[in-house]
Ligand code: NDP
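A single chain, nothing else alongside it, follows as structure tokens in the form predicted alone.
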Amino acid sequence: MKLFTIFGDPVSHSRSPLMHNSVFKAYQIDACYTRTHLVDGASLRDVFYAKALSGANVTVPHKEVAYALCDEVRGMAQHIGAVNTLVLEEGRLIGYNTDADGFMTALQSFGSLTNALIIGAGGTARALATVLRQNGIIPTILNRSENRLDYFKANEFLSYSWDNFPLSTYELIINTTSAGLCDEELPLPSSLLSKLLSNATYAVDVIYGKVTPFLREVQKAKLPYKDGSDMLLEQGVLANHLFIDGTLSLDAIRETMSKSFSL
């Protein structure tokens, strides 16, 4: 039996096991997917091998560490500097990023966009900033402090801390922070968030399965929005396709995975 897991802190909320196991069961694939609560990201590689895993997903806050621990990084992950999918290949740890393409698929229902504000500066923010720019949407990154903005500045993204942020108008506001995942915090000061939402057209929170404090403010502003469910599904489809060496079509995986959201 092949074993897979998702590494994260926190990770108990993750729907990934339900999603991936639904595919394994439906197509009688001899595999099992679990959760692994990992506090120390530096131990990820050792734990991966100790558990004799064939692959894994990586969620907050370990995506950048996972990138550094891979033997080889492929595809979009090379440009992003963050990995959310790991596959064991001939004993080597291969890293991918399925967040980026998954997000763009989830964004299609919003239609044409010209710019977006990304709140947060972690691995997910890197993925979304990169893929937005590749698709002609100008991203701006806003983080609490300057100390995580080096990657964005080095790659010539517009990026600001709360202290030097010039208020502007953005069509899409995206929360990539963990604010609201296990608490009642907003990703930005309430007054600043209110001003941004009053001039926005759409909003996305990458957190899924709950109405976060951020989304409650979005609802007050009467904006169309998405939580992270669509992105979760689409990145999961791509990750599963890698896990099973492409033996099923993306459509077949998507159809089965989407049903797991009603369980």
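Start at 1 with the first residue shown and count on from there. None of the values given here were measured: they were computed from a predicted structure.
Absent from the display: the form predicted in complex with the ligand. The rest refers to it.
**Message:** Taking 4.5 angstroms as the heavy atom distance cut-off, pick the stretch from 165-173, 68-76, 179-187, 85-93 that is near the ligand in the predicted bound form.
**Reply:** Of the stretches listed, the one contacting the partner is 179-187.
Exercise. G81: heavy atom within 4.5 Å of the ligand in the predicted bound form?
Worked result: G81 lies outside the contact set for the ligand.
- Heavy atom to heavy atom, is T130 within 4.5 Å of the ligand in the predicted bound form? Result no; T130 lies far from the ligand in the predicted bound form.
With the partner left out here, check for me: in the predicted bound form, does some heavy atom of E217 sit within 4.5 Å of the ligand? Judged by the heavy-atom cut-off of 4.5 Å, E217 is well away from the ligand in the predicted bound form.
| request: Find out whether any non-hydrogen atom of L232 is located within 4.5 angstroms of the ligand in the predicted bound form, and reply yes or no. | output: Although the ligand is absent here, L232 would touch it in the predicted bound form, with heavy atoms inside 4.5 Å.
Here the chain is shown alone; which of I207, A203, L238, L44 has a heavy atom within 4.5 Å of the ligand in the predicted bound form? Answer to the contact question: I207.
*Among the candidate residues A31, L53, V60, A221, which is the single one with a non-hydrogen atom no more than 4.5 Å from the ligand in the predicted bound form?*
Of the listed residues, the single hit is V60.
Suppose contact means any heavy atom within 4.5 Å; which members of 1-27 contact the ligand in the predicted bound form? Only H13 sits within 4.5 Å of the partner.
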